[in-house]
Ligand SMILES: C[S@@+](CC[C@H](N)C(=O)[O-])C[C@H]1O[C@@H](n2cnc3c(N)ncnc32)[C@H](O)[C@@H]1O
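Take a look at this single chain, the form predicted on its own, given in structure tokens.
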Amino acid sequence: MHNCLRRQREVAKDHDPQDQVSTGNAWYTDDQFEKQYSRPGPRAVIENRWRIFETEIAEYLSHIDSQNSPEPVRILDAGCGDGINLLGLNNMIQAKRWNMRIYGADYNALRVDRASKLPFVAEVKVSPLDSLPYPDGHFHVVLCNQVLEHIRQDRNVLMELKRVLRPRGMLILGVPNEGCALAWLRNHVLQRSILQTTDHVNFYRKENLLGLLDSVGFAVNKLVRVGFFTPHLTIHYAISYFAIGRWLMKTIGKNFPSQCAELIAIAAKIKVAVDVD
């Protein structure tokens, strides 16, 4: 399987976002709210992620006593796209009355322009994720969801996300579980065309994701497994359209956790002790 994963990385190509926007590549230009959030299946997946994010953020805030601090908690959505998760974060803040400010960053200027129009966002910047325009320790929480699989230099990105986190900061990192056996079955047997069209360059599973985070200096406190990796996109979309289908995939995923659809790691920035003479 390791050889197959290397082949997947070699097939995927790096793209300049502005070139792709100018040529009308739908992946870079489609309205994500229309294509994802307006459809029952994808919307249910997105809102399920939000519930997980909300639980973890609430637990984090309970430990830092944020409500008694005059300083707002700063949260960055790294790779924010059109701002779907920015909307989810704002919904949480309004419902829970959290003292928080939301920021976004993405390398696609078109998507940043759209996200910048959301009235509740403090700031959205055009930036590659391995060189963010923020000082060390600027954010309490960084969310990076369904992004890292697109970036060849994933370790560099994680090092940068660690840099902009406070010493007690929290990273919420979500990726597809595309290193699992059912993903291999989909990509190499049932839907081989995916390898010719995907721009994913990293195909994570539990072991290599945890190893990567550890190598950068993150301490993983929890790994949440979500859903079930249906090994065919058409079947997946058909099943996920209905609530009973989503329940079925969730149930199967609980019984076969190694074949879940996605992995969400909740990690803490490790503060490195400095010897003082």
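Source: prediction; values computed, not measured. Heads up, when I say rigid core I mean the largest set of C-alphas that superpose within 1.5 Å between the two forms. Note that residue numbering begins at 1 and tracks the sequence as displayed.
Here the subject shifts to the form predicted in complex with this ligand, a form of this protein not shown in this document.
Asks: Do Y107 and this ligand come within 4.5 Å of each other in the predicted bound form, heavy atoms counted?
Replies: Within the cut-off, so yes.
Asks: Would R111 sit within 4.5 Å of this ligand in the predicted bound form, counting heavy atoms only?
Replies: Residue-level check for R111: yes, a contact with this ligand.
Asks: Closest heavy atom of L87 to this ligand in the predicted bound form, within 4.5 Å or not?
Replies: The answer is no: L87 has no heavy atom within 4.5 Å of this ligand.
Asks: Is H150 one of the residues lying within 4.5 Å of this ligand in the predicted bound form, judged by heavy atom distances?
Replies: Contact with this ligand, yes.
Asks: Of P128, G137, P133, P72, which one comes within 4.5 Å of this ligand in the predicted bound form, counting heavy atoms only?
Replies: For this set of options, the contacting one is P128.
Asks: Hey, of 165 to 173, 115 to 123, 91 to 99, 75 to 83, which bit sits against this ligand in the predicted bound form at 4.5 Å between non-hydrogen atoms?
Replies: One stretch meets the cut-off, namely 75 to 83.
Asks: Under the 4.5 Å heavy atom criterion, name the residues of 206 to 236 that approach this ligand in the predicted bound form, in sequence order.
Replies: The stretch 206 to 236, when checked against this ligand in the predicted bound form, contributes no residue at the 4.5 Å heavy-atom cut-off.
Asks: So with the core overlaid, does the Cα of Y237 end up 2 Å or more away between the shown form and the other one?
Replies: Yes, the C-alpha moves 2 Å or more.
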